[in-house]
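Only one chain is given next, in structure tokens, and it is the form predicted alone.
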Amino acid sequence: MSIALVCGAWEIAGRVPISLAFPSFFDTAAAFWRMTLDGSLPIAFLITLHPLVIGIGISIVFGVGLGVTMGLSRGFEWLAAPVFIVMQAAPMAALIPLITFVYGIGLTAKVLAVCLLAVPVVVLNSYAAVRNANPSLVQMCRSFQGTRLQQIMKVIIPDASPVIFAGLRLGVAAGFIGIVLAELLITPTGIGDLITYHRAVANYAEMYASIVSIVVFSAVIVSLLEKVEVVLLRPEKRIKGTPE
């Protein structure tokens, strides 16, 4: 219902119009359909997903590893935690022009842009999850003569897994922000190219269709990851009465 209300308000605002550069919802939907049929939108998504998938993969491996290590080691936490806290609080998008200056306008720069926004989120969530693992479970493992490795692998990591996965979901959302910024600020390719081109030639319906498509796509991906998280790691959130 909320989506229907937003689309209805969008259509009314486009018909008034509130601005010549603000198309109606149906004009935007028609532009989306045209771009899908001519192949420009699917090709743009394929180009955009290439650095995004690489950057998210690096962020997950690197971020979870660092976050878990920070949660397990006070010394490493003292050394690394302030760096990632500053990275999460700082406007990292301002560093993208610097990345362009150092690494050029190729794939490396875009992957780094994704990592800059995704890694701090993944690291800090993984760190918090491990650090706040249930102390009663850890104490129980110790009372049964469990080794430190057994505590980590059989108690701490499983107990922290739901929060770690939630951090991965937030990291993916941050990665989408990073790739769009990279394609708008580094070099116009993929979805960024469509947005830049159609804005330049005043095809505002196509421009809005490109923007909305990446927003909807990222929202769907994050929602699917949330469903996976509930099914795999949060059984208490499942609807009662559903089979295991």
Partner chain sequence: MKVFGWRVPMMFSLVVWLVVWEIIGQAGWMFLIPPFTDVLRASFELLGSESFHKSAGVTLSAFASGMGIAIAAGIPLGVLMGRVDAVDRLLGMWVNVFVSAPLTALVPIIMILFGFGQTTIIVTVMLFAIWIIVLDTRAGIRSVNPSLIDMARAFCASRFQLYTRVLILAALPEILAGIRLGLIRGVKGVVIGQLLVAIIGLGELFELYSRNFLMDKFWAVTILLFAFAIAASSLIEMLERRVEYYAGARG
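Positions refer to the first chain, counted from 1. Note that the structure is a prediction, hence the values are computed from the model and not measured.
We do not show the form predicted together with the partner chain, though everything after this point is about it.
At a distance of at most 4.5 angstroms from the partner chain in the predicted complex, none of the three residues V61, L107 and L225 contributes a non-hydrogen atom. In terms of contact with the partner chain in the predicted complex, the residue from M35, V68, I56, I214 that brings a heavy atom within 4.5 Å is I214. The partner chain in the predicted complex comes within 4.5 Å of a heavy atom belonging to I177. Although the partner is absent here, A219 lies within 4.5 Å of the partner chain in the predicted complex, judged by heavy atoms. In the predicted complex, none of the heavy atoms of H50 sits within 4.5 Å of a heavy atom of the partner chain.
Contact annotation for Y204: at least one heavy atom lies within 4.5 Å of the partner chain in the predicted complex. Residues A173, F176, I177, V180, L181, L184, L185 of 159-189 are found to place at least one heavy atom within 4.5 Å of the partner chain in the predicted complex.
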